[in-house]
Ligand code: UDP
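Shown below, as structure tokens, is a lone chain in the form predicted alone; questions about how it binds or moves come after it.
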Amino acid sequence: MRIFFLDQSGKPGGAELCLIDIAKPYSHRALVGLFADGQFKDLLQQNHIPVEVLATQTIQVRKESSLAQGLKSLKQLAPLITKVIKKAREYDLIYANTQKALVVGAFASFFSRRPLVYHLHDILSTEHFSQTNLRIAINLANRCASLVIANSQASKTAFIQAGGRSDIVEVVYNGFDPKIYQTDESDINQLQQLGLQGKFVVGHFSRLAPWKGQHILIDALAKCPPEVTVILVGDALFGEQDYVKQLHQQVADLGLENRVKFLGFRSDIPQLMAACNLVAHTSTSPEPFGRVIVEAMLCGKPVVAAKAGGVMELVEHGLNGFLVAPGEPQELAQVIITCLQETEITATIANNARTTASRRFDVATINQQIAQLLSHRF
């Protein structure tokens, strides 16, 4: 089966990392079409996946855009849609990996007469999307997609509640290669330059954005013993630089300059996780899946996560991780202190997490599930 994958981003977020794993088995008979240039293209090339940047300018539509803004962008989208239609005729299937890709892919599917798959990496709700964008996504998926792959039961439920057809949606979790997350002492020793020796390190791995809740972790840190240190791995992506400034100001106001390290974007995530004693997930809105949570589990690290959305399908409180109410720094601080003090119990939970994640989210099993869905439907 020849597959034409579409993705709107030039930057490697969670959906893009997932796409690399999905596209790899089809690399000799597939193409990934991107709507923006950037590091994601480089990652695809490093993984020997054919890729082409199809757009020359950024599409000026965001999750919160209005109907007027959406209509204004159609003129900009027209050359891209024309190019995608032409390319799509060379393939058996169009695979839209993001919402903008769904819009372009729906037009391409209609005019090229190729079936469309939509991989849903979002919880489609008004917490994240404007009503206009929600209606567009649901209507296009219902009318044009032969299959919607949701990355969690939470994403599937939200899709159906928003009006999506239940007969076209299937749940397939993100896949991971456990070998990537096996680190050794030399990897961890390389991180001594960060000055983390003798500290209890809490890691947060996410783009810096208000709904990702880094400010909640900083508030919690202020309630923890002085040996607790936080590393924030990630940076602003979509015009969220004001939030980064707010975080730096919050750290200064609380006198935590020596206990919070902003590391920016990093490629050595498994090694950084290996240097942590605990990984925190603090999203204030329901997370569709929670990729970082599984990565930490595979690294054999305990996780404390916000109890909402797809996260609740990954973490069982007290068994393979800890769950706290979203937006509650006091509750988060208490879990951090528990992990600091109860080392044996925490180590058992971390071992359980690694075993569970290796079994449930192995990329070979996940790719097999996707291959079966595609072969049965097309």
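None of these values were measured; they are calculated from a predicted model. Numbering starts at 1 and follows the sequence shown.
Keep in mind that the form predicted in complex with ligand UDP is missing from the display, and what follows is about it.
Contact residue in the predicted bound form, chosen from Pro178, Pro115, Gly234, Gly300 - any heavy atom within 4.5 Å of ligand UDP:
Checking each option against ligand UDP in the predicted bound form, the one that comes within 4.5 Å is Gly234.
Only one of Arg89, His248, Arg135, Arg266 gets a heavy atom within 4.5 Å of ligand UDP in the predicted bound form. Which one?
Selected residue: Arg266.
My question is simply whether Ala15 lines the interface with ligand UDP in the predicted bound form - judged by any non-hydrogen atom within 4.5 Å.
Close contact exists here: in the predicted bound form, Ala15 approaches ligand UDP to within 4.5 Å, heavy atoms only.
Give a yes or no for Arg291: in the predicted bound form, does one of its heavy atoms lie within 4.5 Å of a heavy atom belonging to ligand UDP?
Flag for Arg291 set to yes.
So in the predicted bound form, is ligand UDP close enough to Lys261 to count as touching (4.5 Å, heavy atoms)?
Taking the distances in the predicted bound form, the answer for Lys261 is no, it never comes within 4.5 Å of ligand UDP.
Even though ligand UDP is not shown here, does Thr282 get within 4.5 Å of it in the predicted bound form, heavy atoms only?
Result no; Thr282 lies far from ligand UDP in the predicted bound form.
Would you point out which of 104 to 112, 81 to 89, 266 to 274, 215 to 223 contains residues with a non-hydrogen atom within 4.5 Å of ligand UDP in the predicted bound form?
Partner-contacting stretch among the options: 266 to 274.
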